[in-house]
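You are given structure tokens for the same protein chain in two forms, set apart as structure 1 and structure 2.
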Structure 1
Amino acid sequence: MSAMLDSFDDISKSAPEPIYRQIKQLIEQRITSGDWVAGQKLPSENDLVAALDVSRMTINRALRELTQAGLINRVHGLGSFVAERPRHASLIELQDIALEIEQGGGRHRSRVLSQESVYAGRTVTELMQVADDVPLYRLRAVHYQDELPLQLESRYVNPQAMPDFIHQDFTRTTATAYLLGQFKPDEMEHRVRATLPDQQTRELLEMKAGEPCLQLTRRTWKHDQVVTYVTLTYPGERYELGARYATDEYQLR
């Protein structure tokens, strides 16, 4: 067991980041890097106390929160273990479409339809909670899975929050990937509905006549400011949203 701990970078007390959070990150990194694999037993709390020279309560808090986050499982009297599959695979997780396609074994390609600064209409400025004389960045792109269109992305971005957004090359990286790298959202809002596509959408997604779309709209906040408002449209025949997860305490109201 001690070998697992040899190379722990020491945590820094008296740091801007609280200790329990440093420990969480340490362990999370071990897991996501594949260093510790699913099912593997973690060092016990006392091991960690000795290795990191902090109080057990601090270790306990870190591990407890990692449990809530679904990264590890703990069994009273036995130990802590790396979770088999991270749960909370939310319906509405912020998943990069490129990753999603590639994880499914497909090949992803983006086609940028337009990337510009526009004066949007009242509907959009209200949704983004900005004055209606503020120009907004707009990106429209189609995402292909193996040359078959899977998603139409229509995105507005608040230039005050993301001034460099418009200068990115979105044939090389996706907007989601770029934005995820830039900030961590404070709050999100999702809506999902079934609609019939207008003709342009139908053609862009190469859909048959009469086929419905699954449409997901999302607003994302940072510092009480709407950073981006995006509408993702999927062909109903070729896509579904899914999630499976363990329930935690406040799932039900």
Structure 2
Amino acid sequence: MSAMLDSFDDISKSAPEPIYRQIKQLIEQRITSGDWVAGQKLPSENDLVAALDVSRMTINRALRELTQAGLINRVHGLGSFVAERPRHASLIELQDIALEIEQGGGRHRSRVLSQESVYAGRTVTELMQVADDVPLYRLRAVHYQDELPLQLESRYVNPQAMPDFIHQDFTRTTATAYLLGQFKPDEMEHRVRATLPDQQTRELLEMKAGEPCLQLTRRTWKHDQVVTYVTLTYPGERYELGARYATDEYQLR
């Protein structure tokens, strides 16, 4: 911790830049350069106040703006920590959340909330392209990275296409990994939107009040039949979605 405090020797009260902004920029530089890594604890407000001989309000403003920028997490009673970089997922590829987390050096765990056969509402049956009286398999699960919830999965599967889906242990494998092992999709549809979570989603994902979610919905077809329709919900501060692809196959419109 003393080495971290030494980093603040460059803060100058005579500089034209406000002190809080100098502190904020220094911490940001240390994090983005990789000098300070995810999970590393920052000096306490008391230590910074004493070391820099500035007001607590000055320190608090710098830390508050860094928190708002997603660079640090402030935990009541414990202090401030360098935040994990948002996990990144592709919009144009099917990716297994467990593999994605493990390749990033994390540990994956899933908790199954429900796994059952249901009669879904009109909206879902239309999306699944089945009659209202056709039962569907439904899976709800939370996926964790190092015990921090990262994804809420709500998935419908057509039993005619995947009859054994309901019998799988999805604490040992993910639904994505299982389905990819069973078939290669002919077609996929993705939709992404930002949304505010309801209370249950916020509690399951351990989100702060007012924090937005990223919500990805995906339908997957095989032989002109919808096999699965899934809604994946992520805490907006912990996840990002994107895509990269060759442009020679596309035309600008």
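So that the term is clear: the rigid core is the largest set of C-alpha atoms that superpose within 1.5 Å between two forms. Everything numeric here is computed off the predicted structure, so don't read it as measured data. Reference numbering: structure 1, starting with residue 1.
- Structure 2, rather than structure 1, originates from the form predicted alone.
- With the core held fixed, the Cα of residue 58 is displaced between structures 1 and 2 by 2 Å or more.
- In the core-superposed comparison between structures 1 and 2, residue 118 has its Cα shifted by less than 2 Å.
- Residue 148 is not among the residues whose C-alpha shifts by 2 Å or more between structures 1 and 2 once the rigid core is aligned; its shift stays under 2 Å.
- When the rigid core is fitted, residue 77 shows a C-alpha shift of 65.0 Å between structures 1 and 2.
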